[in-house]
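Quick heads-up: it's one chain on its own, the form predicted alone, in structure tokens.
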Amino acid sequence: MFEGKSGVLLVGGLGFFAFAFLSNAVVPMLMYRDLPEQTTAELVAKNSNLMYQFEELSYRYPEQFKQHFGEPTTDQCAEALRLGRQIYVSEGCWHCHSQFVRPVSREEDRWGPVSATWEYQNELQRPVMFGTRRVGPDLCREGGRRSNDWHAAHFYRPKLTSAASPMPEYPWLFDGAPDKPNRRGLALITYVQWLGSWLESYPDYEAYQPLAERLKEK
């Protein structure tokens, strides 16, 4: 059996499968087994890029934000992140968007740096939504690329921002209009703006100031 062409192909296929399993599963697991899994609260506490976006939501949509989240604190941001991820999953966004930039076909030119193992060592990446379909772009570097207003309009009616978009509309994330995102809408925008916000290549917010300080200066 193993002397024929089919036998050689079978052995070769099994060998490549074993190699892929070792290099893509076993080796990373051994390399990062001592790296603790971060909680959502820990992620927010050290991420000024995300807090910038969360506070900007409170400034952009003051009535809706006050009603659904109160003040833009780190605790409220963590709550919005958890809810946003639940909505992202329940609405099936992962069917058409992957969250893994692969080291092939110059994907980094399209979506940013190739994904690294350590980026997935937190509770918001359980389960990891690597995905296989890209009806829409990969989203693991989406945060900060577009404004909160853009995302609100895009979720409300995708063709407002991308005329040829096949993405469905999500009016139930709003209280009647794209400038009135409800709790679910605000949470989903927060989650999308989190994706990739941990990288140095995220838009430059080194001059970040908490919203309260910025308002005092006006």
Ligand code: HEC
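All values derive from a computational prediction rather than experimental measurement. The numbering used is simple: start at 1 and walk along the sequence shown.
As for the form predicted together with the ligand, it is not shown, yet the points below apply to it.
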Next on the checklist: Taking a heavy atom within 4.5 Å as contact, would all three of 102, 116 and 129 count as contacting the ligand in the model of the complex?
Outcome noted: no
Checklist outcome for this item: Here the chain appears without its partner; judged in the model of the complex, the stretch of 174-182, 64-72, 146-154, 33-41 with heavy atoms within 4.5 Å of the ligand is 146-154
Checklist entry - Even though the ligand is not shown here, does residue 52 get within 4.5 Å of it in the model of the complex, heavy atoms only? => result no
Checklist entry - Taking 4.5 angstroms as the cut-off for heavy atoms, does residue 85 touch the ligand in the model of the complex? => result no
Checklist entry - Does any heavy atom of residue 27 come within 4.5 Å of a heavy atom of the ligand in the model of the complex? => result no
Next on the checklist: So in the model of the complex, is the ligand close enough to residue 162 to count as touching (4.5 Å, heavy atoms)?
Outcome noted: yes
Next on the checklist: Using a 4.5 Å heavy atom cutoff, which residues in 131-147 contact the ligand in the model of the complex? It's fine if the answer is none.
Outcome noted: 135, 136, 137, 139, 142, 145, 146
